[in-house]
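For reference, the chain that follows is the form predicted on its own, supplied as C-alpha cells.
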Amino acid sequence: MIREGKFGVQEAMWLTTITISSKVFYTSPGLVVSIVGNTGWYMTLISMATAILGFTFIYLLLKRFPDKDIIAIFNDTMGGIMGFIFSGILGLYLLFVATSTISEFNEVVKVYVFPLTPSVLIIALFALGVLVLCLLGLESLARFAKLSVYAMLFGFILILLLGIHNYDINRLFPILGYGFDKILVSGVVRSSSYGEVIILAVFATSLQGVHHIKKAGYTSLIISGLSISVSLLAFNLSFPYYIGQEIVAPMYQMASLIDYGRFIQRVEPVFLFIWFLSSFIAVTGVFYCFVSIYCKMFRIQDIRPIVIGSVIILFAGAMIQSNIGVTASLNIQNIRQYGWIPPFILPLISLVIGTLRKRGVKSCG
C-alpha cells in the first residue's frame, strides 16, 4: 500500500477548493461569456449544484466501501478488468487536465507577463516545481495548500474590492442573457469545472473516515462555487459581454485597470502571486492524483520513481499542446464540455453495479 500520509478536513477542503477555483484565472471566464453572455455568474451556481449531486453519488459509493479509495472500489464492484479500465480512464483524464492547465498557464504568461520567454523554459520550471512538491508527498501538499490559502484569499478579495470603481450594474442586463434554456444546459454540462472534487475519492484513505470526506467535499464545492460566481460577477460588471469574450485572462485585465492615483495602481503583482500559487497547487494536486492512480493500478509501492518519469510525460504533453495553440484552447473547451463524465458518471456506474451485486457494507448481515 502506498504511504500517502494523513491530513485533516481543512487541508483536504482547501486543497480541493484551490484546485477547483484556480481555473477562474485563465480563459474560462471569457469562454463562459461567449456561451451565455453576461449570466455566467449565476450559471456557475447551476454547475455547482449539479456537481454537488455528482459528489453525492461519490460519497454514497465511498460510504458503501469504507476504508477504501475509489480505485479499490472500482475493482470490487466492476471486477478486475473493468475496474482497471475505469481507473485508467480516470487517471488519463486527470493527466490530460494537468497538461492542459500547464499549457494554458504558459499561453497566458506569454501574452501578459513574459512574451519573449521560450515556452520550454516556462513549462520546465513549472514541471520542476510540481516534481519537488510531489516528492515531498501528499501530506506536505495538503498542508501547503492550507498554509497558503489565507494569503491567496486576502489578495483575491483585495483585487475585487479595489476594482469597484470599474463596476457598472447596467452590464448585467439583460438578466437572462441568451435565454434561460441555454443557461440551464450550459450550467449542467459545465459541472465539469468542479470535477476535481474526485481527488477526495482518490485520497480517501488519507482522511479520517467517510464523514470527513463528506464534509470536505460539500464545503469545498460550495466555497468554490461562491468564489467563482463572485469572480464572474465582478468580471461581468467590469466589461461589456461583447468585449469580455475577447479577453484572454479576465482577472488579470481587471487588476490592471485598478487605479486610485499615484499610490494605488499597478496591482497586477498581487494577482500574479495568487495566480501562480493557485496554479502550482492545482496542477500538483491533479498530477499527484494521476500518479497515485497509476501506482494503485499496478500495485507499485514506491511512488517516487513513478513521479520522476511521469513529470517527463507532463512536460512533454504540455509542450505538445503549447506548440499547437489552437488545439490547446480546444482541449480546454472539450474538458469543460465532456469532463463531467470521468469524475461523476464512472462513480455512479460503480455505485449502481455495486448495489445490484450487493457489494459493500450494505451486504453484510
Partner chain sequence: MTFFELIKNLITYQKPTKGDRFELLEDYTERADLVDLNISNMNSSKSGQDTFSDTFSFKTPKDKKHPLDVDKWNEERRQKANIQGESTSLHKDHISKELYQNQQRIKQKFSIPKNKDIIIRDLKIGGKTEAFIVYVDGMADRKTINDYILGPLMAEGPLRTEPCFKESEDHFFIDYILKNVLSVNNIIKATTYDEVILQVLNGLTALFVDDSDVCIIIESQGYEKRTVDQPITETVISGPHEAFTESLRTNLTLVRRIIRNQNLLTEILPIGKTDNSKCGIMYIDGVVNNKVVDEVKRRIESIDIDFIMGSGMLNQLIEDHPFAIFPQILTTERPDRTASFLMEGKVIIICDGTPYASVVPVTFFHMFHSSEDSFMRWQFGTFIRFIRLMAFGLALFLPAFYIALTLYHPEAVPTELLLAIERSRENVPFPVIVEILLMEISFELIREAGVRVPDVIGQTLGIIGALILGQSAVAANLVSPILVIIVSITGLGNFAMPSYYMGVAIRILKFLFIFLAAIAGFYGLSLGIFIVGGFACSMKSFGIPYFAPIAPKTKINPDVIVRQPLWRQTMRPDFTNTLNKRRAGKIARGWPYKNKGGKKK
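Residue numbers count along the first chain shown, from 1. Nothing here was measured: the structure is a model prediction, and the numbers come from that model.
Below: the form predicted in complex with its partner chain, not depicted.
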Checklist entry - Among 188 to 196, 157 to 165, 228 to 236, 134 to 142, which stretch has residues with heavy atoms no more than 4.5 Å from its partner chain in the model of the complex? => result 134 to 142
Item to check | Non-hydrogen atom within 4.5 angstroms of its partner chain in the model of the complex for each of G88, Y93 and L95 | outcome: no
Checklist entry - Among F84, Y178, F276, Y241, which has any heavy atom within 4.5 Å of its partner chain in the model of the complex? => result F276
Checklist outcome for this item: Answer key: of G79, P174, G209, G129, within 4.5 Å of its partner chain in the model of the complex (heavy atoms) is G129
Next on the checklist: in the model of the complex, is there a heavy atom of its partner chain that lies within 4.5 Å of any heavy atom of L125, even though the partner is absent here?
Outcome noted: yes
Next on the checklist: Within 4.5 Å, heavy atoms only: does I247 come near its partner chain in the model of the complex?
Outcome noted: no
Item to check | Non-hydrogen atom contact Y150 with its partner chain in the model of the complex at 4.5 angstroms | outcome: yes
Next on the checklist: Does any part of Q10 reach within 4.5 Å of its partner chain in the model of the complex? Heavy atoms only, please.
Outcome noted: yes
Checklist entry - Who in 270 to 304 is close to its partner chain in the model of the complex, meaning a heavy atom within 4.5 Å? => result L272, F273, F276, L277, F280, I281, T284, D302, R304
